[in-house]
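Listed next as structure tokens is one chain, alone, in the form predicted alone.
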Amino acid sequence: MESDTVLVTGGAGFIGHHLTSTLLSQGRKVKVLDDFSSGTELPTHPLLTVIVGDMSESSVREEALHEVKSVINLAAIASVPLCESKPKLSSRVNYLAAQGLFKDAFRLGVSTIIQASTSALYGVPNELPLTEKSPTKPIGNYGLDKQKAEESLLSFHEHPVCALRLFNVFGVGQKRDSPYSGVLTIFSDNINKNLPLKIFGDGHQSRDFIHVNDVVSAFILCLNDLENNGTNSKVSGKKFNVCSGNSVTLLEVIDSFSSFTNTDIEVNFESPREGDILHSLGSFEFLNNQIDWKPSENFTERLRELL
């Protein structure tokens, strides 16, 4: 009998928790591979197997890939400062380990792989919204290594694969004390602790925030289409933006938080950080055209949940 197991690398992370939970609720067997350097413990479940290990090691990959049907690769060092300060580590985890995973997976008979890619591949945009045809010019080691991993996976033309370029993912469950936390999590944590907020720049910088539930639905829709249709899938061999299609400034975010709490929130403005991108906005039209995916979560209501 063919295995129905999905391997989720990095499954103990923020997105991984949500994705694993949803797959299990759909009756899928799930293996999670994570080194728990930043992840948190997963609830026990009869369909869940957790492997603690470093994906960079071939023996660990071999164990994790045993009797697996499909792979969703979320494992990465997402901390840009850490990738900049430790380029060899960034390359080892974000590119070389991913490349090794893809090669081993197909050698061992895995049918389908989806790579969690990133909007960081676009670098500083020439025009908005960003589409999959926009030029890629990543800034720094994180974006460069994620780009190489994406290209590596999409080079396996004879297998059903795709890459999802995630924009600014947020939602309940992001670790508030982690260097990987997004700005919304940091803001909400400070507000709950009655601490001032820190903004680098004037606050008019804007981001395309996408809720983790919508990200999970994109992964699962693509997974189902690839598993059911193989290389004839409309998403096979392609990369897609996973975004909300709307941009919000940091000042607008703070205004929303202020309206929820009925208080004036103290904001400290500091000099802009070198390399920070001022504006980000994506188009999800391509993915919508292929498999009818679109974001469904209400940003304002999901923002309120963070408090």
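For every residue, the number given is its place in the sequence shown, counted from 1. The structure displayed is predicted, hence computed values, not measured ones.
Keep in mind that the form predicted in complex with a small molecule is missing from the display, and what follows is about it.
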> Residues in which of 155 to 163, 201 to 209, 104 to 112, 232 to 240 have heavy atoms within 4.5 Å of the small molecule in the predicted bound form?
Replying inline: 201 to 209
> Looking at the partner-bound form in the predicted bound form, is Ser134 within 4.5 Å of the small molecule by any heavy atom?
Replying inline: no
>> Taking the small molecule as it sits in the predicted bound form, is Thr118 near enough to touch it, meaning that at least one heavy atom pair lies within 4.5 angstroms?
In response: yes
> Though only this chain appears here, would Gly182 touch the small molecule in the predicted bound form if you measure heavy atom gaps against 4.5 Å?
Replying inline: yes
> Does the small molecule come within 4.5 Å of any heavy atom of Ser90 in the predicted bound form?
Replying inline: no
> Which residue, Gln174, Ser188, Asn141, Gln147, has a heavy atom that falls within 4.5 Å of the small molecule in the predicted bound form?
Replying inline: Gln174
> Only one of Ser79, Asn213, Gln99, Asn224 has a non-hydrogen atom within 4.5 angstroms of the small molecule in the predicted bound form; which is it?
Replying inline: Ser79
